[in-house]
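As structure tokens, one chain now follows by itself in the form predicted alone.
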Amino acid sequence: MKRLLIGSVACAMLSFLGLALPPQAHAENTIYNTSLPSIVRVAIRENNSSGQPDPRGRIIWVQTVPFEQYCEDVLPNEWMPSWHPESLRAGAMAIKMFAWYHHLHPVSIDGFTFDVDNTVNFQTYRSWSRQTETNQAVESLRGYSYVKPNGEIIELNYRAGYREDPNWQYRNAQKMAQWGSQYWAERGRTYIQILQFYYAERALRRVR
């Protein structure tokens, strides 16, 4: 079992960055069922007639991708790289925890075993599509997770939502609105505050 701690050093770091710890964050906590994955197995589906990966397409092969690299190659396809850095951070955490959860719950289809595929069935993954702004968001969360207070890994779901709108309806559904994250970031909310708005009963944990 991997030990996860939030101590005085981590608290000082977050304070320096201008980020507030959520109320559930305690001095010492454990993620009980997993350590940070080192890889993600991505099923690559055939493209449709427009050249885009087809969610209903045949699985061609399964690509093994380093976990952080996977997050870097998903974020710019799910969030706009030009968005506010705090929106990108919120998105990076959602993508990270979604992938982490599915790494723990692989599926088998047509003889292939994988964690996620490269389409909107899971998260849109395009190899080497990473951007500087989104890479910085992923890097800033290295060593952190966002889990249930008891340490359980659970996926953080998200939907597009509506522009220039807080998207309250997704808060009630435990989903983050991508456009909603930008809405709140533009109004001064930190990524933690954005996550807290959409996901009830979650806590920030530092992986050590």
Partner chain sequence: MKSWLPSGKTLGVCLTAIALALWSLPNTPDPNSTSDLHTGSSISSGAIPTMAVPVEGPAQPNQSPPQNQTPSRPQPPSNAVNPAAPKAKPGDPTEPTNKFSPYVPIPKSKLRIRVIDGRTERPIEGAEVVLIETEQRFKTGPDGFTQWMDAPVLRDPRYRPLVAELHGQLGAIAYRNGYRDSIQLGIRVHDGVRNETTIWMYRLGPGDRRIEPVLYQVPYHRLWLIELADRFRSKSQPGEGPERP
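Not measured: the values here are computed from a predicted model. Numbering follows the first chain given and starts at 1.
There is another form of this protein, the form predicted in complex with its partner chain, and it is not shown here; the text below is about that form.
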item: Heavy atom of N121 within 4.5 Å of its partner chain in the predicted bound form; value: no
item: Its partner chain contact in the predicted bound form: R142, any heavy atom under 4.5 Å; value: no
item: A160 within 4.5 Å of its partner chain in the predicted bound form, heavy atoms; value: yes
item: Contact label in the predicted bound form: W83 to its partner chain, heavy atom within 4.5 Å; value: yes
item: Contact test, all of T34, S38 and F98, partner its partner chain in the predicted bound form, heavy atom 4.5 Å; value: no
item: Contacts with its partner chain in the predicted bound form, stretch 170-192 (heavy atom within 4.5 Å); value: Y170, K175, Q178, W179
item: Direction of the Cα shift between Q169 and A200 in the predicted bound form, where the change is 3 Å or more; value: closer
item: Pairwise C-alpha change, Q169 versus E201, in the predicted bound form against this form - closer or farther, 3 angstroms or more; value: closer
